[in-house]
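There is one chain below, alone, in structure tokens, taken in the form predicted on its own.
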């Protein structure tokens, strides 16, 4: 059972004459003691500068080129509670959250409403091979040398008001440290749970460090467990050392009244290998920002994404790959299916700097529209300043292949089943990139049920959110 204390300020008392920017600045100033109380100096050090950048930048509007396809400002127009300490909730996690994914053989980290849930009162877990995982706030106090020079060094507070807001307000999250040359075959799984009896805004921070020669797999699962309105603003910083390898899989599976904005920053050193897979199975509004910097020669990045949207859901993926040095490779494939009045966007940019010769970079975005009302905006981009490179980019937006559909129906397959088979084959190209066999099979099953129109929650979950 978990019993957690609470401090909060309601945003329902906001003054109508104040802008959203001013409301959050006042919220920060009026609760500064609560925000900084349980945080280390390493985290608090950046807050003042961050709130000043937020005061300058505010919430991105559609006039911002990066956000032109997503209306962020209206998301903050609702009344949310903002907690500055974990809310008091009495529950047994096993009673309300039974999901296929946690049955995987993983090292498990639970986060409830942005605050790490301790394992038997321990906020930090140290594995026998030296891997450290647990509360970001606690780790910042216990392992300052691992934090210094990493925390808040990749996040772009100076250009994005949402990132600056997170830096100013975030108090906890998950910290993962994989020591030099440690190869961990067992995945590390972060489960982010949202549960409240009132609308809530959550902001948390993650820091993942994979040292030289190490190998790890990190799974992130996002779920809502109550039918209230949630808004999440999340920032994750990832460091992949020399000759290190990281597979980072993020599964988003929240209800239609949830909105999630994520910023993930990755820095890769020489000969490192990165695979990311962002699987958006369900959610009312989702905006994913992924920034990858290849800063060491021989680095390789493989970025994959899948989005399934229907009703009036909106999913927007923004990616930025920076080839900063020579002899690096990247490959990017994002695919999605939009039904009903769903909308989507993909804005991907590959930058090849002047000295980044021998670069190989490929980008592709493919979307299926199942109705005339579904809309997809796609903008693949290449910005190349080197002259000895191999690069390509492209995008397609269309419908199911009528010839393939006719071929299958002519062989006795019903129209509905034929369409489902074609859709599943279309998205499986992304799913098959997941290297964890059990996870890949579970995702296949969840996607299959999603395409059949079943509720996207795991079928063993007792919540009907």
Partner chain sequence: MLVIKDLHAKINDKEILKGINLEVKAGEIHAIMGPNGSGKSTLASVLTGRELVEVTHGSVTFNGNDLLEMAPEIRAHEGIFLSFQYPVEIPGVSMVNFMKAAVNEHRKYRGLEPLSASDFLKMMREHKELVGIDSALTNRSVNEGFSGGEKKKNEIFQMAMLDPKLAILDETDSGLDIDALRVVANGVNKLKRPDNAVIVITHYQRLLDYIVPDYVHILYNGRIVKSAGKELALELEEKGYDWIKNGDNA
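Residue numbers count along the first chain shown, from 1. All of these numbers come straight from a predicted model, not from anything done at the bench.
Omitted here: the form predicted in complex with the partner chain. The next part is about that form.
- For the candidate set 415, 437, 33, 41, a heavy atom within 4.5 Å of the partner chain in the predicted bound form is found for exactly one residue, namely 415.
- Only one of 397, 57, 408, 400 lies close to the partner chain in the predicted bound form, with a heavy atom inside 4.5 Å, and it is 408.
- With the partner chain left out of view, the stretch that reaches within 4.5 Å of it through heavy atoms in the predicted bound form is, among 62-70, 24-32, 45-53, 420-428, 420-428.
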